[in-house]
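Here's a solo chain for you in structure tokens, the form predicted on its own.
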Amino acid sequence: MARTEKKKDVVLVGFGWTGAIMGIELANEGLEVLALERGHDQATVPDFQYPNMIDELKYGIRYGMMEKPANTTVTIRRSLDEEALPYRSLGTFLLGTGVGGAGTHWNGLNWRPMQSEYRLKSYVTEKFGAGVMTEDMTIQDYPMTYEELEPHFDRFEKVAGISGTAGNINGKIVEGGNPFEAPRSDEYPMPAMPSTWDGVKFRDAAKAAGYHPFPSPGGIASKDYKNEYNMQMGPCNHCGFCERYGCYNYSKSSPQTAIIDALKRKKNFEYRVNSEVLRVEKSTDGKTVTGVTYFDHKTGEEVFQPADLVILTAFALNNVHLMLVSGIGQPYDPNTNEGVVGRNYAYQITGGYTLFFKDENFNPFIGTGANGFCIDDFGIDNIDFAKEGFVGGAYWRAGQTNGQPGHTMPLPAGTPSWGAGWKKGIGEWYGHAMNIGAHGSVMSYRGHYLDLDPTYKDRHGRPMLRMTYNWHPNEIRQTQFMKQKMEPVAKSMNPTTLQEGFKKEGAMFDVRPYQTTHNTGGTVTGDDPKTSVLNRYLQSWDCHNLFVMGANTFPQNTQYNPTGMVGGLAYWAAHHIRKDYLPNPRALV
């Protein structure tokens, strides 16, 4: 029989960005809050301290900060006709583990979606006609507007400590920023980071082509900074160890740097590590939840943790899995197009050009995760979908992130992959290459979804989460459009040689190379219980005292890295829990 702990007002499942935000906001209301984290405890000191953290073999290649597939994984197939197989070796996406979650090892790029993306289906239908959408496309509008979310984006950026240059403040276009961004109420909390030479070269080429380059916005401190919780950041030293690493310099936005150390000081907050939540428990009538059951890896036993309010704040895939194994909401069935849990899974599509310059040295050891310059001239708001034959968009960026030789070693096509020829290639080309990348949106489709695997079980005997996903012709058309537009810009920079890396017609989803960790959808927010799991406040339609955070709430994936949207939505939900739900617990409308 499971051990039962003392009841809490709030239990949070996962202790990364959204867990930290919910924890401090609800603890400030005087509630007894408990966060359960399946991984280990970790803090900037001693866990991220220099020089231990900048170990490329341990963290960059052997994924020391990631969840091991032997502990937790998913099964993956590309169509309903395939048998799904377990994702046994980390590749296409990297799931974080431990306190801070993926917020400790991300690269820091931070965005707000374009204005049309909050009402994407309506925008597409009104401007281009429903016929531009493929028959199987299941995109939908968010149930909240950008104007409603804007104060919460602003607050997240100020809490996280984001550097950048605003391009649109209250409708006024500002020179040097992104002229296509949705109007913001204020400047970024810190000025943009300086760029390395490759970013400057791209900026100049993009400007010469008539585009609108601007500094990459990111959670990398350009100066000393203190947020509303009195948490401090120090200016970045461009060490080149951001993505896959914790920051030893207090310079990268992370739950630890921005919130957790302030939250730990509150007497009404507690967190437990090595505590893996197995399911959310429901009342006998199924209309509310009563708490969670978790596995205590220290004692080897199951524990029931009762709570008045349960908030899922884990990684997107884990949140969907918990909803499915807990039997909350109707699982999605692609054959009937009915059900909601697992519906509208989406990913991210990327491509780009690598440029080699024989006589230029880019000093790749200098970099940050959010380095360089971007353009948004081919974002969703700026493309004629009817003319181009796809729905979607992408931002472009150039800016080196690292020069780690173990896994960042671009070489011209035809260079031997081993032996004397490979060594010769390294000697000739290391430090002489740069990249221009396109980071594209992915729409949701009837056949792309998450459910429980009928064959494979995890170490606790629960069915594994099964992912059904493949590249869709719509996204292939999008990425080929980006290739066509990017090629003349790349060639205008006069490289010695260049090579492209865009997916082509017939490309199949390959889990082996790393692409992004931007998994979205599965418990989407909406205004109709027949097509969404959560209402506009990220509250479960089925159980009013259950809220769900994360990128799993996205109805489709935007062209941007998801963290800014995830943080803004978390502050939006926290605001309405505090102001509307706590005084009178009920289904919010």
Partner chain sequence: MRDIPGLPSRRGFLKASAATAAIAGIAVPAKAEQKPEPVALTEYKPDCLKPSEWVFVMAAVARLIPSDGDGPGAIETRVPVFIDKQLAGDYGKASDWYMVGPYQPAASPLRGWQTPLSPLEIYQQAIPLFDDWCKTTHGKIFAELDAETQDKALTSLQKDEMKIKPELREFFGILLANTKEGYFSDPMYGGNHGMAAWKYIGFPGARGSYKEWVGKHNVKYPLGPVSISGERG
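Everything numeric here is computed off the predicted structure, so don't read it as measured data. Numbering follows the first chain given and starts at 1.
One more form of this protein should be noted, the form predicted in complex with the partner chain, which is absent from this view; the next part is about it.
A.B. asks: Closest heavy atom of residue 159 to the partner chain in the predicted bound form, within 4.5 Å or not?
C.D. replies: Residue 159: no, not in contact with the partner chain in the predicted bound form.
A.B. asks: Answer for residue 359 alone: is it within 4.5 Å of the partner chain in the predicted bound form, judged on heavy atom distances?
C.D. replies: It does: once the partner chain is placed as it appears in the predicted bound form, residue 359 has a heavy atom within 4.5 Å of it.
A.B. asks: Check whether residue 248 has any heavy atom within 4.5 Å of a heavy atom of the partner chain in the predicted bound form, and answer yes or no.
C.D. replies: Yes, contact at 4.5 Å.
A.B. asks: Evaluate residue 387 for contact with the partner chain in the predicted bound form, applying a 4.5 angstroms cut-off between non-hydrogen atoms, and reply yes or no.
C.D. replies: Flag for residue 387 set to no.
A.B. asks: So if I measure heavy atom distances to the partner chain in the predicted bound form, which of the stretches 54 to 62, 525 to 533, 27 to 35, 546 to 554 falls within 4.5 Å?
C.D. replies: Contact-bearing stretch, as computed: 54 to 62.
A.B. asks: From the list 207, 423, 127, 172, which entry has a heavy atom within 4.5 Å of the partner chain in the predicted bound form?
C.D. replies: Comparing distances to the partner chain in the predicted bound form, the residue within 4.5 Å is 423.
A.B. asks: Which pick from 196, 227, 401, 468 sits with a heavy atom within 4.5 Å of the partner chain in the predicted bound form?
C.D. replies: Going through each option in turn, the one that passes is 196.
A.B. asks: Within 239 to 260, which residues come within 4.5 Å of the partner chain in the predicted bound form, counting heavy atoms only?
C.D. replies: Heavy-atom contacts to the partner chain in the predicted bound form: 239, 241, 248.
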